[in-house]
Structure formats: structure tokens, C-alpha cells
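Same chain, two versions here, written out as C-alpha cells and called structure 1 and structure 2.
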Structure 1
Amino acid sequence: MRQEDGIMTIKGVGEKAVEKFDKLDIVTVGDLLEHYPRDYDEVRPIKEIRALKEGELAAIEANMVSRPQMKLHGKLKIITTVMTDHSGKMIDVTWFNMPFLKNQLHMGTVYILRGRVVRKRDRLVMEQPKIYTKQDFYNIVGKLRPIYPLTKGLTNNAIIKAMESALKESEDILEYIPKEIRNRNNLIGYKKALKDIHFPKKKEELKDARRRLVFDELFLYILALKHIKKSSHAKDSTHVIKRTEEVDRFKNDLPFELTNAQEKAYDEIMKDMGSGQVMSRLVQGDVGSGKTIVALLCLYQVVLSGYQGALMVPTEVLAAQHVKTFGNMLSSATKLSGEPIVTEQLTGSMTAKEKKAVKQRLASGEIDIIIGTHALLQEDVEFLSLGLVVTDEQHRFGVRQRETFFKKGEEPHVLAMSATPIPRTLALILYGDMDLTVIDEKPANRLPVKNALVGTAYREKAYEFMEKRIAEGEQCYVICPMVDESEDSDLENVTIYAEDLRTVFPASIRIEALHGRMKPKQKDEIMERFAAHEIDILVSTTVIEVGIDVPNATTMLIENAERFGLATLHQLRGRIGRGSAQSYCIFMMGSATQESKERLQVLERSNDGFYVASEDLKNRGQGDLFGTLQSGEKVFNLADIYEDASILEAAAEEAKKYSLEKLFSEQIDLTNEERAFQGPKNQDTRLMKKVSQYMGDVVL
């Protein structure tokens, strides 16, 4: 079995399974091997019910003392019962969408159950526990079990079985990083790293495996950046864009003054675009720092110079909001010909007919500014004269997508914007092919968010506070973390939480749920209704991390805040505090340790994303073995720029001595037998594939 073979070559993977794997972008054996666990489940010994704590994943051995009951929550079928153990303490147990258990579970029988412990209405409840036989449970105690990203119809066990077979049968898991680099950085072999990332026997093995694979990702990424920078550095530009009085007058007529940092960013961008060379610049600014208005000014100047501009954003809702905002702000502005500036959108959910019409107008030059999602990257999207590409939330697109855009417009200027507060030293490595501008001030009319770090005993007061804010005409977010085991757990978590809130708040308060398993159109509809103030409380997972501006949303309650990384929490908090009213963020801890409480106090002390990022960097130390919750599109499979800062710096140091050409041309230390098996330049195909995920088709 070879890595380029289709996954049907794996024993037990049939045609139906292939369709499911395809939804996870797993087509070949190699794709499967790089489908890394999102977490690991360390099974601990049985606990007494009286020792259980909110938020923990625990196992109990208990007797069922009430008949299982089934009730409906919308489409959800919920089985509930009560268990007790030898300590005499009782706990409620709940299963979702498993109605068959009603007839399978029996009073008076002792079961071993393992599930997440949550608090519901001041009672501890074990949710969605798995039922074990004694033998099965004691076989897994103390072991690390991989938990993979899933899709409907594909279980974690199915992926585990396929992975075991792929690791055992693959004949070409060979090295492609030179031995001298591995030795200098104390990196284990690639084959061992793959085996241990999926099935570690102990935490030290997992740590070493992850370190090796993260190094590979960052090393190849930096080499890709070097290659791009070398091929595009100091290119002459056919789009020389000079600053004009019209844009300065427009800027001066805005109903607010730009901050000094915004002015500086605009000056640097205009200097780049007027230099006669192609601009490639990253504008890094904290949430709410006003990057969008800087982008609008630049796009307006590009249109006045006779070119088209494009803005690519992560979500369709955000695209629609920008189209509306840009249209309103530029409604009285005109091109030099006196004609109005035309701003339109292009997104995936539009009909084929709508897309075709927009593409035709774009190619003919009728559209001046196009705002869209990944739909802008399609091959048949053509421009008459693209002068500037702006990508919002740059870290979610990566170099490859940026390069695709670059090729569409005869080398247009590129402006990337990111609200991810990366420390400057790391940003200079990660965005090595770009110049860097930082907007480190916020508009004067924005009040700092007031933060509160509280325990679950504060929940009733938090609800009372939210009700008062709603009575004042404001809106609220409630953020729930995903539950670990079930592929539907985020749906169940937010859906049931929303149902529970409806029993707490008056019927007049409109409550809706938003979760990752909704179709994009559903998500967009709910966000649009929230923006239109047709919803008072939005219960959501982290899918709202990159959402839309709802200035009227002033309060956010984040449940189990200790389960999120600081960077994610700061991004979530960025959804509020976007208007002139005072905003409030309540970080509610479940079973937080003293260490996690001290970590979260960073957010209580400061709203400055760069301070939060630097503290996050310090606090992570050797890194969290089990990763951090992430959302949106990822540039890397494993690497985390905060957790892996030291590896990033080491990879950057090694990359100074290498180039992609050198890496491709060198013979890695293989035995004669291995060389004969793979043929000449045996590593080229794999390297090409790995590098292409960062920068498209590599030409050396």
C-alpha cells in the first residue's frame, strides 16, 4: 500500500465509506495519515458520584434507580434516568437521540457509564455517557484514545480502524527532512511521528510526535514564503496608484476622525501603491481597531485611478454587510468620469444565474469593487483591470489563496488584514513575504468592554443582568463550548441550552440557537435576523467568532470559559463593544483549576489583544498537548502559532540555510532498498503536495 493509493485499498473501507471520507477531504491513504486527531481522550479510573465536578469527563459504576423516561425537545429525543453508587449519592443521566435505550436499560442493574458532567438548574447531570462492560472499560483505563474530526455517518471507531490498517500496511512512509536538520532539532523520525501522533502509548510520545510534525509544517511553510518572496520581490507594477484630493476630502468628511494609527496605515499603503512596485502588505489590528475603513479608502483610491478592487472575507454574512456599508458610504462618491461607484458581491450561495451575471459585469469592468468569499477564487472569475486585492482575516486564507488571487489581475497590489493579535516577532516570520503595519489604537467613541470572571453560582445573576440589558433595547450572545464525544453534540448543546433559557426568561424575549452543523444559508439567515434585532439572545458555538458587526449586541456570556484558548476568547469578545454603548463580557468557569483561573484573569485585566497574545504565549510554556479549540479555515493541520512559537523560531532558523530547490534536489538519507522502491527523487511528489497546500502549484 502506497500513500497515493485510494482509501478503498484499506481493508474494511467500502464505497459508502469512501463517500463519507471524501467529505473530510480524505481521498488517498496519505490524506488519511495526515487526518490528525483533534483531541485525545485519557480514560481515568471510576469516580464516586459524590466526587464528580462540573465540566469533567468522568466514569461512574452505578445502579439505575428510576425507569428511563423519554421526552421531546423539538426534534431531539431525550432519555433521562437517575443513578446511584455505593456512596449513596445520586446523579441524573441524559442521552440524546438514542430512543432505543428506553427498552435496553433496566432498573436495579449496575452500569459503568462515562460522560461529561454538566450543571443544569443547580443539579449535576451526566450527558451522553457511553456504556461499558467491565472488561472493555478496564482495557482502556490509562490509555490515550485519539478523537478525530468527523462527518455524519463516519464514526470515530471507523477512522481508528482505517488508521491502524494504513499505518501497518503503508510501505512508503519515508523521510523528506534532511538528517542534519532532524539531529540539530532533536526530531524523531517521520514514520514514528505518524504512528505516535495517532496512537501514543504515553504523553511523552505524543509530545515528541507532535513536535516533529509541527516542525515539518512550519519549515515547509516558511520555505514556501521564501520562494514566493524571491519570485515576486520588487516587481514593477503596472498599477501605479497616486493619492488624490478626492479621497482626502472624502476622508475629512467622514462623521468620525481616523486614529493616528489608521492615518499611518493609510499613508504606508498609499506610499506602497504609488511606488511603481507591487505592494504586498499585512495590516494587523485588534478587533474593532478600524481596519475596514482603511481598506475602503484604499479601494476608493484604486477606483479613482481607473482600476477595480476586490475584498475577500471569510463569511457570506460579512460579505453582505460590507457591500451594504461600502454602498452607503460611497453613495455620494463618484469616479473621475462622474459615474457612480458600483459595489457588488459574489458568494457561493448565489444562484448560477446570479453568479454568471456578476462575473460578466466584473469581466466587462462594470463593477468597480467586488466583495465576496472563496467564490472569488474560482477559475472563471475574471477582471478587466484588477488593481488591488484585500483579504480580510488573512490567517484564514493562507498564501495559496492569496497567490491565486494575485494571478487573476496581472499582479495587483495585495493588502491582507488580520484581527489575530500575533506578536511582532512571530508575525515577521509567518508573513515573511509581506511588509507589516500595525493599527494599535481603537476609535475614541468605543468604550472598553467591562469583563467579569465568575463561577457557576453567578449564573442566576448573569441571567438577571442580561434581562435588564434586553429591557434597555440591547442584545446578548451566549457561547457554549462543544461537547467532546458526539458528532451532533454542538447541535444538542446549543439547542438544549436555548430551550432551557426559554424556561428562564420571559416569553417576550426572543431566543435562537446557532451551531456548526447548520447549512451556511441557515447560519446566514439567523445572523441577519440577529443583526436586524429580530433576536434578543443568540446561543452559539464559536461559529460567531468571525461574524458580523452588531453594534446593538452589548453582552456576552461565555460558558465553561476555561475550555477555550485566550486567543479564541478574545476573538469571541470582539463581537461586542462595537457600538457606542457600554458592553460587558461574562467569563463563566465550570470546573476551573487555580492555574486556568489565573490564565483567564488576563482577559479580565485587559481588552488589548496584543497584550492577551503575549500573555497567552508566556502561559502556554511547553504547550497544551491536547491543542486548542479552533474554528474557521486552518492554514496548518497541527501547528498553533502561540503554542508552537519556539518551534516556529527554530524552523525559521533552519529555513535560512535552505530553499525549496535545495530540499527537492537533495537525496534524503534512504537505504538503497528504499531508493529502489520509490525511484529517483522519491520525495518530490510528497513534498510537492505538502508545499502546494501553502502556495499552490510549485514551479522550481
Structure 2
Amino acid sequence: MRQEDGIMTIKGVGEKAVEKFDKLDIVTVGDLLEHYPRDYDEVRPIKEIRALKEGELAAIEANMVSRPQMKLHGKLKIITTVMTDHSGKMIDVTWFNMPFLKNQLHMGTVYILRGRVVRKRDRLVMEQPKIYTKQDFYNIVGKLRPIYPLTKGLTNNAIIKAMESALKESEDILEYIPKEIRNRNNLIGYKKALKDIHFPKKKEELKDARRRLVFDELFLYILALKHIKKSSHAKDSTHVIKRTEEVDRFKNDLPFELTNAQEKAYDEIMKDMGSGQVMSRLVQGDVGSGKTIVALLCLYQVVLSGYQGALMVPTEVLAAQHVKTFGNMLSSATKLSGEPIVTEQLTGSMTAKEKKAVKQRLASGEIDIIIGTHALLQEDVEFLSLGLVVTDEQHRFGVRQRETFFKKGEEPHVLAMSATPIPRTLALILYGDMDLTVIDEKPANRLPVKNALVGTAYREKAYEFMEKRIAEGEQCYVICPMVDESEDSDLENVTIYAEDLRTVFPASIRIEALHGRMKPKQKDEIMERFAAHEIDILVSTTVIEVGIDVPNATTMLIENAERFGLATLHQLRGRIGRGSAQSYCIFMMGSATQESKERLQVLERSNDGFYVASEDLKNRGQGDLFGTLQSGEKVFNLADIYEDASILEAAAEEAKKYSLEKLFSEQIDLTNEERAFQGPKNQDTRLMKKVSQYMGDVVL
């Protein structure tokens, strides 16, 4: 079996499964091998009920002492029962949407159950546990089981089976990093790394495997950037865009004054765009530093110069928000011809008919500014004269996507905006092909967010506090993390949480839920109602993490804060403190170890993203290998620029002495047998694939 073979070659993978794998972008054996676990489940031995702690995933062996009951909670069917063991303590157990259990489970029987222990109104509850036979449980206890990203109809077990067989039978998993680089950086071999990332026997093995594969990703990424930079050095631009007084007047008429940092960013961008060369600039500014208005001014100026502009964002919710903001702010602005400026949106959830109409008007030049998601990258999206492309939340996109845009029209200027507060040195590595502007100042009218790090005992007080804020006419967010791995758990968690909240708060307080599994239209509708203050409390998953701007929302309660990374928490907190009113962020820890408490105290101490990031980097040694939450688009499969900053630096150092050409032409220390098998090095399609993932259409 070779990595370029289709996954049909794997024993047990039939036609049906091929379709399912395709949904996960897995077509070849090599694709499968790089489908890394998103987490690992360490199955610990059975615990006594009296020793269970909130937040943990635990197994109990216990007697069912009440008949399973079925309750309806809105549309959800919930089975509940009570278990007890020899420790004498009892615990409630619930299952969502598994009504058939009512007849399958029997009172008076002993079961082994394994599930997440959560606190519901001062009682511990085990949620959605799996039911094991003794035999099955003793087979998995003590092991690290990979948990894979799944798709409907494809189980974790099916992936494990396919993976085991692919690892065993692939003959061409070959080393491609030279020995001296591996030695200098303490990296294990590629084949072992691949094996161990999927099936580590212990945590140490997993760490080493991950380290090696993260190095690979970053090393190849930097080499790819180096190559792009070399092939796209200073290009002449056909779009020379000069500052005009219309925009300056518009700027002076804004309801607020730009900060010095915003002015400086705008200046630098305008200098670039007027220079006669193609701009490629990254604007980095902490959440709430006011990047949108800078983008708007630039796009306005581009339209006044007779060109079109595009703004690409990572989520539909954010696209809808920007379309509204732009529409409002530019409502009285006109083009030189005196006609109004036309701003429209293009997103994946629009109907085919709607999309087609927008594409036609883009191509004919009727639309001046287009705001959209990935849908903008499709091949059939054409412009009459695209002058500037802005990508918001750049860290959610890859170099490749930036490049795809670049190919549209006649090499437009490129402006990327990012809130990832990474230190300058790292930014220079990661965005090595761009110039950098930092907005290091927030609007003057902002009061720093007041933070509180608390335990669940504080929940009642937190609710009282929220009620007071709402009485003052302000709004609140509540953030829930995912409960467990099952596909629908975030939905259930958020909807149930919202329903529970409705019983806690007076009926006059309007509470709604927002989660990733909603249709984009539904999400938009909820966000619009929240922005229009028709909702007081928005209960949400991290879907609201990026970009959302509702200045009247002043209070955020984050449940199980210990389960999120610092960067995510900082982004979440960035949703408040966006107006002149005092804002409050309550980080609630479900089960706080001393370690996680110390980690979260960084957020309590400071609202500065750069400080948070640098503290995060200092602690990176601990490595938050387990339970890292992943969200949205990712440039890297495994690497995390915060956690892996030291590997990034090491990879950058090695990349200085290296190039893609060299990597492809060199014979790495293969055994003779391997070399014979591999054939000419430049046919290493797998490696080519890995690299081109970062490079888009730039050819080697």
C-alpha cells in the first residue's frame, strides 16, 4: 500500500465509507494518516461515586436504584436515573436523545458507566455516559485512545480500524528531514512519529510524536513562505491609489476621533497603495482596537479611485455584521460620479440564484465593495477591477487563501488584519512575506474590563449581578464549552443552559441560545436581535469568539473557563469592553486545579493581549496537550503558535540554511531498500502536497 493509493485499498473500507471519508477531505491513504486525533481519551480505572469531582470524565461501577424516567425538555428527550455503589453515595445520570434506553436499562442491575461529571443546581450529574461490559472496559482501561474528528455515519472505531491497517501496511512512509536537523532538534523519526501520534502508549511518546510533526509543519510552512517571497518580490502595481480630501472629510465627520495608532496605520497603508507597487501588509491590533474603521477608510478610498474592494471574513455572522456597519457608515458617501457606494455580501449559505446575481454584478462592476466568507475564493468569482483585498481575522486563513485572492484581477493590494497578539518576532516569522503595522493603542473612551476569577459557588451571585446590569439597560453573554465529544453536545448544552437560565431569571429577561450547529440564517437573526437589544442574555458557544461587535453588551460569564486556552479566553473577553460603559468578565472555573487557576490569573491581572500571549508563552513548557479546544479554520493541522513558539523559532532557524528546492532534491538518509522503493526524489507527491497546502498556486 502506498500513501497515494485511494483509501479503498484499506481492508474493510468500502464504497460507502469512501464517501464518508471524502467529507473529511480524506481521499488517499496519506490523507488518512494525517488525520490526527483531536484529543486523547485516557481511560482511568473505576472510581467510587463519593470521590467524583465536577468536570471530570470518570467511570463508575454501580447499581441502578431507580427506574429510568423519560422527561421532555423542549424538544429533547432526556432519560434520567440514579446509581449508587458500595461507597454509599448516589449520583444522578442522564442521557439525551436516547429514548430507547428507557427499556434497555433495568433497575437493580449493576452497570459500568463512563461519562462527564457536571454540576447541575448543586448536584453532581453524570451526563451521557457510555455503557460498558466488564470485558470491554478492562480492554480499554489504562490506555490512551485517539479521538478523531468525525462526520455523520463514520464512527471513531471505524477510523481507528482503518488507521491501524494503514499504518501497518503503508510501505512508503519515508523520512524527509535530514538527520542533522533531526539530531540538532531532538526529533524522532517520521514513521515512529506518525505511529505514535495515533496510538501512543504513554503521554511521553505522544509528546515526542507531536513535537516532531509540529516541527515538520512549521519548517515546511516557513520554507514555503520563503519561496513565495522570492517569487513575488516587489511587483509593480497598476492600482495607484492616492489619498483624497473626500475621505479625510469623512474621517473628520466620524462620531469619534481616530486614535494615533489608527491614524498611523491608515497612513502607512495609503503610502503603500500610492507607491506604485503592490501592497502586502498585515495590521495587527488587539481585540477592540478599532481595525474595522481603518479597513473601511481604505476601501472607501479605493472605490473613490475607481476600483472595487473586497473584505473577506471567517464567519457568516461576521460578514453580516460588517455589511451592516459598512452600509450604515457609508450611507451618505458617494463615488466621484455622485452615485451611492454599493456594498453587498457573498456567503456560502446564500441560494445559488442569489450568488449568481451577486457574481454578475461583481463582474460588471455594479458592486463596489463585496464582503464575504470563503465563498469569495471560488473560481467563478470575477471582478471588473479589484484594487484591494482585506482579510479580517487573518489568523483564521492560510497563506494559500491570501494567494488565491491575489490571483483575482490584476494583483490587487492585500491588507490582512489580525487580532492574534503574537510578539513581533513570531509575527515576522509567520507572516514573513508581509510588512507589519501594529495598532498598539485602544480608543480613549474605554474603561478596562473588570475581571473576576471565581468558582461555581459564585454562580448565584453572578446571576444576580447580571440581573443588575440588565436592569441598567445593558446586555450579557454566557459562554458554555462543549460538554464532550459527541456531535450534538454543544447544541444540547447551550439550549439546555438557556432553558435553565429562563427558570432562574424573571420572565421579562429575554434569553436566547446561539451555537455552531444553527443554520447561518438563524445565527444572523439571533445576532441581529442581540445587536438590536431584543435579547438581554445570549448563551453561546465560542461561535461568537471572533469579531462580533455589540458595544452595549458589558458583561460576560464564561463557564468552565479552565477548559479554554488563554488566547481563546482573551478573544472571548474582547466581545465586551467595546463601548464607554464599564464592562465585567467573570471567569468561572468548574474544577480548578492550582495549575489552571494560576494560568487563568494571567487574565485577571491584565487585559492586554500581548501580555497575555507572552505569559502564555512563558508557561508553554507545561504544554496543554490534552483538551485543547480547536475552532474555525486552521492553518496548521497540529501546530499552535502559542504553545509551539519554541519549535517555531527552531524551525525558522533551520529554514535559514535551507530551501524547498534543496528539500526536494536531496536524498535523505534512507536505507537502500527505501531508496529503491521511493524512486526519484522529485516524485515525492506526498511531500509536495504538504508544502503546496501553504503555497496555493505558486509553483515550485
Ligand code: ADP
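Rigid core here is just the name for the largest C-alpha set that superposes within 1.5 Å across the two forms. Numbering for residues begins at 1 and runs along the sequence of structure 1. What you see is a predicted model, and the numbers here were worked out from it, not measured in a lab.
- Here the chain appears twice, and structure 1 is the form predicted alone.
- Superposition of the core reveals a Cα shift of 2 Å or more for residue 515 between structures 1 and 2.
- Comparing the forms between structures 1 and 2 on their rigid core, the Cα displacement of residue 530 reaches 2 Å or more.
- Here residue 256 does not count as shifted, since its C-alpha moves by less than 2 Å between structures 1 and 2 after the core is aligned.
- We note a C-alpha movement of 2.4 Å at residue 576 between structures 1 and 2, with the rigid core held in register.
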